[in-house]
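For this one, two forms of the same chain are given in structure tokens, first as structure 1 and then as structure 2.
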Structure 1
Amino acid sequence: MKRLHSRHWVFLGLLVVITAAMLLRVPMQLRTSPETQRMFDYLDQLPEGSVILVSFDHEASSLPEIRPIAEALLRHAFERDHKLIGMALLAEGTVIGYRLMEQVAEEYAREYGEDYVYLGFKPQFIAAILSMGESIPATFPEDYLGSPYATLPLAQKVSSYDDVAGVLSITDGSLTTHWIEYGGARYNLRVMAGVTAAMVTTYDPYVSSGQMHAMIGGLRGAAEYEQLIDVGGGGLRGMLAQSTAHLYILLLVIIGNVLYWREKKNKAGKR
């Protein structure tokens, strides 16, 4: 068996520390950012039964960060008895979005066709956004499961953006800008987004200018939102693991510096 080097012990220590924190369920209390609070307030104050378009505009690679954001937003929407119409502007997000909506809908005993509908993927995202502004039934003649649009009770109430309270874009890239530039600017569609932490600075100017109504970003945003709806999830678990790892690394830095200065002092004493 090969001898374990110091770096191996460091990684093993990290595993032990994170595992212990997760098993002990160490409580966390995060300060809610104004951006997260704005998103929560908007969904919370919408009249019950409001229709929200949810677009899964992300790839599978960003799921560890995107999934907790989407789950928190969907849970809040279903808890407030809002109606959701799901879709995707990226092929990778199609199945992910459907399964996620199905899972959360089951938690809240929501029925497909009545409380939520999933339209699926539509290529050529700019053309799709513009086409939906004219007619959603013409853009999606069938839903993801192959049922005619006109046969779905919820879909029958929605013919264009005028019939929805806004679009919620779950994204890891720049697709939300197209919702803003084409859906928002041309059709006055209210745009909101759940984005990865890396994309927050990209969308900040849109929030500041009012072109984007609300945004939550990254694992931290998901954890804050979970606190607001009082439903734990991947955001709080992820933040606990992340914070524990940061504290562990900080401790190692302190120990390393103490050992360094101690060794330096001993060498000076031997001269």
Structure 2
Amino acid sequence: MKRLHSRHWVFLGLLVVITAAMLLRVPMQLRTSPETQRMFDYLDQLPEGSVILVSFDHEASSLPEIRPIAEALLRHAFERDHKLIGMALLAEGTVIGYRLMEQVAEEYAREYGEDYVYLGFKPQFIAAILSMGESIPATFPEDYLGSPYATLPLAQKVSSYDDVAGVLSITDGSLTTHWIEYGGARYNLRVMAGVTAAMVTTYDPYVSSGQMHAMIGGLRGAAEYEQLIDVGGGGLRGMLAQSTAHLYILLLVIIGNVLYWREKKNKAGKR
């Protein structure tokens, strides 16, 4: 125990706080934020059968946070009978996106090729976004499974951004910026996003300027969305632990500052 430093105690505290909250599993009623409501309203009011491009622009590292966001949005979209075209601008998002779409589609008995397709990955996001603006079939001659684009019934109806209601970018970084700036500004593509909490403030100016139509952020955003669609998921399950962790961090900040001021006072007293 002699080798434990103060940081180890801080770590241990966090582990205990989160584990305890997860074992308790108390259901929480959340206040829906206006931004989550806006995303829900958009997907809900879109005419049935609308085609939405879903881009998995994230890495595996953020999967625990991204999965509940993506699942909630995909569930709502499939439930509303929208048609989804999946793709990825980051290599790691490729397999995750494919798997998520496949799993959620199965829940709603949606069929590959008719109700959704998965195009896979293209590198160099700016070039990929611009290239899709010119021609989606030319950018993705084949889907992720190796079927030619023209043989997929849903894909046959979509040749450029004009044929989709918008793009839903699921991201843990700044890739949505490129959808907004290259897809939106150049080809009038409507952009929506599900982003990790850390990226929320990065996109605020785009939401405010209307360049991004709607956005949900973080596990909390996912939980609010799950509440709206009335399907429980990782978001709602993690909310008590999330709340408790925030309070633990606040406590650490307070203790840290009290110690700092006490030390400062002591030093001033000695002088």
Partner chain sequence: MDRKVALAICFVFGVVMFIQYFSGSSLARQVNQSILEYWQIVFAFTLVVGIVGVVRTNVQRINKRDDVFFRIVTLAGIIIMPVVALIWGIKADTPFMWMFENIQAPMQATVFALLAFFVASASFRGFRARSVQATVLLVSASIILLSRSALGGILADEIPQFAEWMRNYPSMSARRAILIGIGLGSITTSLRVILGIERTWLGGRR
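Each form is matched to the other, and the largest set of C-alpha atoms that superpose within 1.5 Å is called the rigid core. Structure 1 provides the reference sequence; residues are numbered from 1 along it. Quantities reported herein were computed from a predicted structural model and do not represent experimental measurements.
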{"property": "Structure number of the form predicted alone", "result": "1"}
{"property": "Rigid core superposed, the C-alpha shift at I255 between structure 1 and structure 2 in Å", "result": "13.3"}
